[in-house]
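Before any questions on binding or motion, here is one chain by itself as structure tokens, the form predicted alone.
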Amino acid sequence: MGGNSNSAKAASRLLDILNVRVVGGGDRVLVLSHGFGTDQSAWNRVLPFFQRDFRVVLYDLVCAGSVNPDHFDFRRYTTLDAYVDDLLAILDALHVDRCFFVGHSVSAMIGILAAIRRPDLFLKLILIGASPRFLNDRDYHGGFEKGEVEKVCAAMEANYEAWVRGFAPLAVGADVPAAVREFSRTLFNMRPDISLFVSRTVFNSDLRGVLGLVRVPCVVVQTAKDVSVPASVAAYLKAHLGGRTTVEILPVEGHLPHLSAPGALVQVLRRALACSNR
């Protein structure tokens, strides 16, 4: 009995720490999980379109600037597995037994790992700007050479503010000043040492070997031009994910379409969710 009580307290505390919210009145559950450098506010322009038909679960990754940085454990969050633990703990605490999962960037990979661990929990994965490995390899084009990554990390370490001012417009890609401002705001909210640590974790991740273990249907959403993820990565995911996988190419630029082109993204999300078994 005491063990159950402690578990419930820990779950409740996690929901509080990660600013978990459940909004909307539908029967089906939709989880929105943000990527590096943002927080759940990144979904603000997408969320209203799904609140009628779904119960929408939003939360912040522990590395987000909206979370008290004292909760970021540098020993624990060395791989993506700890982020998967958090996601599954949230869903269990909310008594979610089936859901649709939308993950952006690193959260796409978190969703993949969660679906491998608990396949019955996920009806479909919608993966935006996903990459199983950002570094190039012999027969794989991830978009970055090791030396380029080292330069990025050195720039972050030397002058975080200058790095953000250069990186935000590159990542947004499209000429959407409001999106650049919003992405800059959430990047600046992150503590620089946490931002650097998470960047290294993401760049060092390689999930290519586990993609075939996914049995859940997937939709890979890729923009026409993304400085972080080459178009070839979407084709790689389609070829190697074990579940039935389709690719949607958005006719826009940038790594953050939910900030820069929410209307285009909403259309794709609606289509992906409408094609699912209820």
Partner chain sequence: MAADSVAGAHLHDLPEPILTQIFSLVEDVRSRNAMALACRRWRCLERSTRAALALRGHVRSPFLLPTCFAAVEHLDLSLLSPWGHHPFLLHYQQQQQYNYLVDQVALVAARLAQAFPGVSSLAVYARDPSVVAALAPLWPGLRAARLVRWHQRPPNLPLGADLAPLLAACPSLASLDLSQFYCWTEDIPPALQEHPVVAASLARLDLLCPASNEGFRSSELADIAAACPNLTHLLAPCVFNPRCIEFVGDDALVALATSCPRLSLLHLVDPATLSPARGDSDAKEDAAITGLGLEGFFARLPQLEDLALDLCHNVKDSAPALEALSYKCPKIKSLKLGQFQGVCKGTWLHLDGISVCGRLESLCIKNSADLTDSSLATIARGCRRLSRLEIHRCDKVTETGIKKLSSMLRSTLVDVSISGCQLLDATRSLRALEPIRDRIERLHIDCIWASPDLDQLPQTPERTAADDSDADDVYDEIPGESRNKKCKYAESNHDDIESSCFWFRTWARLRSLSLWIPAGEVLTPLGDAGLLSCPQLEDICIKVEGDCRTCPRPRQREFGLSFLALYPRLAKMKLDCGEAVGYALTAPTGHMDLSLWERFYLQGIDGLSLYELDYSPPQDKEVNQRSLSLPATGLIQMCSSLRKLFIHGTTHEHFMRFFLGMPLLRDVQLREDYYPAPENDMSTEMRVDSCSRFEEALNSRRIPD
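Note that the structure is a prediction, hence the values are computed from the model and not measured. Numbering follows the first chain given and starts at 1. Take the two forms, find the largest set of C-alpha atoms that superpose within 1.5 Å, and that set is the rigid core.
FYI, the form predicted together with its partner chain isn't displayed, but the following is about it.
Location of its partner chain contact in the predicted bound form, chosen stretch of 244-252, 39-47, 205-213, 229-237 [non-hydrogen atom, 4.5 Å]
Stretch with heavy atoms near the partner: 39-47.
Quick one: does A64 come within 4.5 Å of its partner chain in the predicted bound form, counting heavy atoms only?
Answer yes; at least one heavy atom of A64 falls within 4.5 Å of its partner chain in the predicted bound form.
I'd like to know if P169 sits close to its partner chain in the predicted bound form, meaning any non-hydrogen atom pair within 4.5 angstroms.
Residue-level check for P169: yes, a contact with its partner chain.
Is it the case that V84, even though its partner is missing from this view, gets within 4.5 Å of its partner chain in the predicted bound form, heavy atoms only?
No.
Give a yes or no for E161: in the predicted bound form, does one of its heavy atoms lie within 4.5 Å of a heavy atom belonging to its partner chain?
Contact with its partner chain, no.
When its partner chain is placed as it is in the predicted bound form, are S131, N136 and R200 each within 4.5 Å of it, taking any non-hydrogen atom of the residue?
Not a single listed residue reaches its partner chain in the predicted bound form, so no.
Option touching its partner chain, based on a heavy atom within 4.5 Å in the predicted bound form, out of L80, L123, I194, I90:
Only one option qualifies, and that one is I194.
In the predicted bound form: members of 8-22 within 4.5 Å of its partner chain, any heavy atom
Contacts from 8-22: N19, R21.
Aligned on the rigid core, do the two forms place the Cα of N136 2 Å or more apart, comparing between the shown form and the other one?
No, shifts by less than 2 Å.
Using the core for the fit, does the CA position of P119 change by 2 Å or more between the shown form and the other one?
For P119, whose C-alpha is compared between the shown form and the other one after core superposition, the shift is less than 2 Å.
Flag for T186, CA shift 2 Å or larger between the shown form and the other one after aligning core:
Yes, shifts by 2 Å or more.
Taking the shown form as reference, are the C-alpha positions of S66 and T186 brought closer or pushed farther apart in the predicted bound form, with a change of 3 Å or more?
Compared with the shown chain, S66-T186 is farther in the predicted bound form.
Do G129 and A168 have their C-alpha atoms closer or farther apart in the predicted bound form than here, with the shift being 3 angstroms or more?
Compared with the shown chain, G129-A168 is farther in the predicted bound form.
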